[in-house]
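The chain below stands alone and is given as structure tokens, in the form predicted on its own.
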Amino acid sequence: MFQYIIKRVLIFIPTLLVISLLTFMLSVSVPGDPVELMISGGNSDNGQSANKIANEQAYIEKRTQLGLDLPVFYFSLGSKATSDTLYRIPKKMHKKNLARLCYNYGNWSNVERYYALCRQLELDCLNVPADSANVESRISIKDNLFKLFINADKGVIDTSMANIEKGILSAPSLNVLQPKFKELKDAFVKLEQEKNLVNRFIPDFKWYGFNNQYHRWITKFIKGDFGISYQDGRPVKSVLWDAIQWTLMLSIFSLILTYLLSIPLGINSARYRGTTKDQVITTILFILYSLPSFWIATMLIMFFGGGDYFNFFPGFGVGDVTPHTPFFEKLGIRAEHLFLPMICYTYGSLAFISRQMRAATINSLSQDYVRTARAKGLNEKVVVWKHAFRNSLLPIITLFANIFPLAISGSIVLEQIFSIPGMGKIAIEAIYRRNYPIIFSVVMFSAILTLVGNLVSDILYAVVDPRISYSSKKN
């Protein structure tokens, strides 16, 4: 058994490595700029305002703090048309457009020159004092420069260039931009003249070493540093810890309550199969399983949580307590607030697991060893609970592996309805606000618990059924 556990734990390593790679690649390919989200509070204006240009240094400092100025991975596979320093470009949209320009023209040095002149012209335009004669022209120039930053199509570039030139000529105060604009036009002409599409087809391997974004992310994750929340700048570890205690509390108590109720219900339903008792239990469980949790939660709040009828229990939140609140008083407040959510957490699993337990028990009671035990004259309770019960647990243990990760991930719907600040609630809020460090931390923890749940299930198989022995298995 011990050797089997060691083998399974060793298998966890490559499995988690693949999951971490997929998670990380999703995090770097999702839309939006995390630096913009943190600086502007999620209200990005796509880089068109003078405010962003004026705060360029703050942007770069925040980007460096997040490690986004590093290469994405240990190496990259591309073509000779691309640059091995493209990751240094601060703006995400600019970086994507430069990659397209490299593909279209196959000459990074000329693309880099063209981009640098676009940036310089933008800064020069912002330094021109605004007046009534040039205000519209300055806006037009900035808008068209923004198009140059995000478009690699020659037609769009030519149109934007023409509009920029028109804006410069429309106001005397903007004539100072003429020399820099001429350099920009010449740079684009050179970019076209020295096009080298052959570089697209020449493979290029670039090695960046261990100082990269993935290595930094995975090593910090292993050490317990899950990054910074884009929403409020708090460490993700702190955000998760505040939420996980509520989800764990509900999940663990719900899991215990579910198994304590569902196992006896399922066994009794199987023992009295076909009788009125079995039909009543089956009907009630079928109804419970058919009712959606969000509807039950709404009905409980309406009837018992101060809605339209009774006000027996609080319908929202977890209760306000202070550090000086006595323990039993605090326990009473928490229990009162979490009573209705606990019902919603439990009833669906109770119905499902009871039905599975009933089917497994019926199957066990039809086996030869049960008939032999009965033939020996053993008491029916002894036959059921000592002989049939352990084998009936195998399907329930399998279900445990699927339920186990929910102890961390929580229930998004129920936590939203009851305003419980658990993992499900912060996960859905993180999705709405594109707070990716929290999302991917929840994903990683769910993956880890899924693997642990499967391992625990395998161990429990051997505990309840002596015929299962992993030590005799090969490989």
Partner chain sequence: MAKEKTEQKEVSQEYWAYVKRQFKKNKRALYSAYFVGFMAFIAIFADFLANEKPIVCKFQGKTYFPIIKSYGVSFGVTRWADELKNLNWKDAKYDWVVRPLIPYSPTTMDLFNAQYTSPTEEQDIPSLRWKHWLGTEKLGRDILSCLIHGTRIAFTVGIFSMLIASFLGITLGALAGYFGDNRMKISWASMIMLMIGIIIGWFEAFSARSYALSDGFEASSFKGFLQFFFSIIIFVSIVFLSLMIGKLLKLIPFLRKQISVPLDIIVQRLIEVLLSIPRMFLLIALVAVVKPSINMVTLIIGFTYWTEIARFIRAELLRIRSLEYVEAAEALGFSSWRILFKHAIPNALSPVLITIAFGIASAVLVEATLSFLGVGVPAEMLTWGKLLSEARTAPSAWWLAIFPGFAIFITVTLFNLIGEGLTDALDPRQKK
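Positions refer to the first chain, counted from 1. Just so you know, these numbers come straight off a predicted model, no measurement behind them.
The discussion below concerns the form predicted together with the partner chain, not included here.
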Worksheet, complete the sentence: Assert contact_stretch over 235-243, 155-163, 216-224, 282-290 against the partner chain in the predicted bound form, heavy atom within 4.5 Å, equals 282-290
Worksheet entry | Triplet L77, K96 and V413 all within 4.5 Å of the partner chain in the predicted bound form via a heavy atom | yes
Fill in: Partner contact for F253 in the predicted bound form: the partner chain, 4.5 angstroms, heavy atom
no
Discussion item. Under a 4.5 Å heavy atom criterion, is V30 part of the interface with the partner chain in the predicted bound form?
Written reply: yes
Item to complete: Verify the contact flag for F201: yes if a non-hydrogen atom of it lies within 4.5 Å of a non-hydrogen atom of the partner chain in the predicted bound form, no if not.
Response: yes
Worksheet item: Even though the partner chain is not shown here, does Y103 get within 4.5 Å of it in the predicted bound form, heavy atoms only?
Response: yes
Discussion item. Using a 4.5 Å heavy atom cut-off, which residue among R113, R119, R271, R355 comes into contact with the partner chain in the predicted bound form?
Written reply: R355
Worksheet, complete the sentence: Of W385, F339, Y369, F303, the only residue with a heavy atom within 4.5 Å of the partner chain in the predicted bound form is F303
Practice prompt. Taking only heavy atoms into account, state which residues of 415-447 are within 4.5 Å of the partner chain in the predicted bound form, ordered by sequence.
Written response: Q416, I417, A427, I428, I431, Y432, I439, V443, S446, A447
